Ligand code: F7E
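As a starting point, one isolated chain is supplied in structure tokens, in the form predicted on its own.
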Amino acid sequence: MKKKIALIFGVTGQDGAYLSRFLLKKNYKVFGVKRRSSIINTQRIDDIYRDINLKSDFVLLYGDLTDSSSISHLIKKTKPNEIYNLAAQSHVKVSFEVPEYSADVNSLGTLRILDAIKNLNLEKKIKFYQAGTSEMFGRTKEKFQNEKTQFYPASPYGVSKCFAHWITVNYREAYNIFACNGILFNHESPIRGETFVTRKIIQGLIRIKNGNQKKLFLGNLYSKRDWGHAKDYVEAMWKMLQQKKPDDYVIGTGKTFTIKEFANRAAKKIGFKIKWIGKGINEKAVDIANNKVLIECKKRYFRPVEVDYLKGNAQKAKKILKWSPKNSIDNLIDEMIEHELKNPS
């Protein structure tokens, strides 16, 4: 049987690495797209090249979402059955510092892919997945967020992803493209970027334990997030493109924890007994064993506009996609700690 072909934009990121592995096990041929850079940043997918049984079905190509001709060339060259757009400037706080670049990649990058599908007359041959985010809900007051919850983004990142979401809907309706939006809540893993708060907490506490770092600095301890595992979420992406009709789906665990709660769980598993003292910006975590401060808050890690609460309702995905998360937050933290201990940064 002829292999399906997938084209993944953003293949070197966390989700790209997990999705590549998942699709290769499904007997796909995978073309992964990365930006040309003087720095080698393929460490998340290097294991695929070491796997003799998979590497012939995995090809790495160069491309850029800011370049329409590059996108069209890649689609014509690879002739994919499925395109997954996972590429983005995905750091929320950084999006306040580089808003124009964030919009160009996240918003117009999505438009460029959709327009290439339309202009190449491939709307009946290609299925398209757009990676959305819970940050599109932003400052919503809803207790749970689902596909009908109104967007209220609170960052250039969130705003740019709203454009990407609606342009995907627009091209689906206007040109009959099989295009799906996955509105994914926070999903982490051992290969999460080091600047994201979950990896930062795990990494920082282990470094402190080993004597390689004195303190861990965090921002808003009381932001609540719905955290899942990336390997569960890439399965949901794939399931969306296997349906008869394209649609949009919220993917989340339905459980929410504060950053402080995540830090508490991680600290306990790493071997610390901590207590919290102070209030507001002066709140600190102290090691009970020696009374040393382990965690402090710093103003520079707060966003200009904070998103305090996100919690996903994935009932639609559970009903139609037959999808549900397999990993708990404790499974996730255990796996992240194990990886960090084996691969110290």
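These numbers come from a predicted model, not from an experiment. We number the residues from 1 along the sequence you see.
There is another form of the same protein, the form predicted together with the ligand; it is not shown, and what comes next is about it.
- Not displayed here, the ligand is kept clear of Phe128 by more than 4.5 Å at the level of heavy atoms in the predicted bound form.
- The ligand in the predicted bound form comes within 4.5 Å of a heavy atom belonging to Asn220.
- In the predicted bound form, Thr140 stays away from the ligand, with no heavy atom inside 4.5 Å.
- Contact check for Trp276: every heavy atom lies farther than 4.5 Å from the ligand in the predicted bound form.
- Exactly one of the stretches 178-186, 75-83, 262-270, 146-154 approaches the ligand in the predicted bound form with heavy atoms within 4.5 Å, and it is 178-186.
- Think of it this way: in the predicted bound form, the ligand has a heavy atom of just one of Asp47, Asp57, Glu306, Asp287 within 4.5 Å, and the residue is Glu306.
- Listed residues Lys239, Lys209, His91, Lys215 were compared with the ligand in the predicted bound form; His91 is the one with a heavy atom within 4.5 Å.
- Contact annotation for the candidate site: Ser134, Lys200 and Arg225 all lie close to the ligand in the predicted bound form (heavy atom within 4.5 Å).
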